[in-house]
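The form predicted alone is given below as one chain in structure tokens.
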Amino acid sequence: MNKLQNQKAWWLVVPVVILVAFNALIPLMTVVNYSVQETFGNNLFFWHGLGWFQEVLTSERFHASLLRQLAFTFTILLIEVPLGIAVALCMPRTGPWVSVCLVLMALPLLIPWNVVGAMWNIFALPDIGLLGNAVNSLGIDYNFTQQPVSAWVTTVVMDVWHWTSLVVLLTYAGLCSIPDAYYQAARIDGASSWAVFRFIQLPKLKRVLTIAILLRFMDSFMIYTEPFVLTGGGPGNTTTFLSIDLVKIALGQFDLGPAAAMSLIYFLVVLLVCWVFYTLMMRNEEN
């Protein structure tokens, strides 16, 4: 005899759904409204169509910011993902050191983003900062406040320090979920450590690494607080990523139309790249 299922519990979720929809849809509709209209103040709006989108897409400023953002994102992905996998493989699976390693890995993730930027700003100052003073004492001319290369490298290193732990923790959780039977079979066959990683660990980590890469891509592509506190987007426009440039247009110049259009393009770029990447990564999942 089939029991009747009680679906009344779904009503408990309705307030949350309404709240999320309210908080998400109203700001989104406001942005869409500004992106297709022009205003001259006094709350007077005039239809502008797709003019702001055309202006943003043909702007050299937007192209430069987008290239800087893509370069930064793919640079930190190429560093953080392999580094996170390597650290996770070196971490112990049993014993008292497991808790110690997990706590140490989680510490950078607990620090607020603005504090991270302020810490590295002081840490990397060329005169009084521990890092800046140490690098200059080695005979290397380092000043992230004036040199574009130094500013770029400092921003990348700061992000690697802050977010590699996320990849480590996700990878470590994936490694711990692999049954011991696979390792026992590998030992019986005399497989090397590289063979174990290549044919057992890496395939089993596919889903975990997909999540880690997607999270790091979205976070790094929308990064704002850390580089803004560290360099303010400078020197020049060296570290002026899309998010910083968007804030400058919206709040600094108060160009609401171009800023709204740029924010929608920004959102669509993130959504498109994530969809393409996820599709490519999961294409052969069932094979």
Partner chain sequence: MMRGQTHRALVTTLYIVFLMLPIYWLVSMSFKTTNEILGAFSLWPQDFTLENYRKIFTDPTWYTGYLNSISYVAMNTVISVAVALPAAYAFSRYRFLGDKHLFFWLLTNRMAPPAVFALPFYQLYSAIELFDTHIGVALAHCLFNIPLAVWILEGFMSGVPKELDETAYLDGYSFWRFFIRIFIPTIAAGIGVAMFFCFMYSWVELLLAKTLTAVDAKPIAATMTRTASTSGYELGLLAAAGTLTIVPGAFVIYFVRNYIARGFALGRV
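Residue numbers count along the first chain shown, from 1. Keep in mind the model is a prediction, meaning the values are calculated, not measured.
A second form of this protein, the form predicted in complex with the partner chain, is not displayed here; the remarks below concern that form.
- Contact check for V135: no non-hydrogen atom falls within 4.5 Å of the partner chain in the predicted complex.
- Residue contact check for S243: one or more of its heavy atoms lie within 4.5 Å of the partner chain in the predicted complex.
- Taking non-hydrogen atoms only, W113 approaches the partner chain to within 4.5 angstroms in the predicted complex.
- At the 4.5 Å threshold, heavy atoms of P148 stay clear of the partner chain in the predicted complex, well away from it.
- Taken together, A64, L67 and L202 are entirely out of contact with the partner chain in the predicted complex: none brings a heavy atom within 4.5 Å.
- Interface residue among V196, V81, V153, L166, judged by heavy atoms within 4.5 Å of the partner chain in the predicted complex: L166.
- Residues S263, Y266, F267, V270, L271, C274, W275, Y278, M281 are the members of 257-283 with a non-hydrogen atom no more than 4.5 angstroms from the partner chain in the predicted complex.
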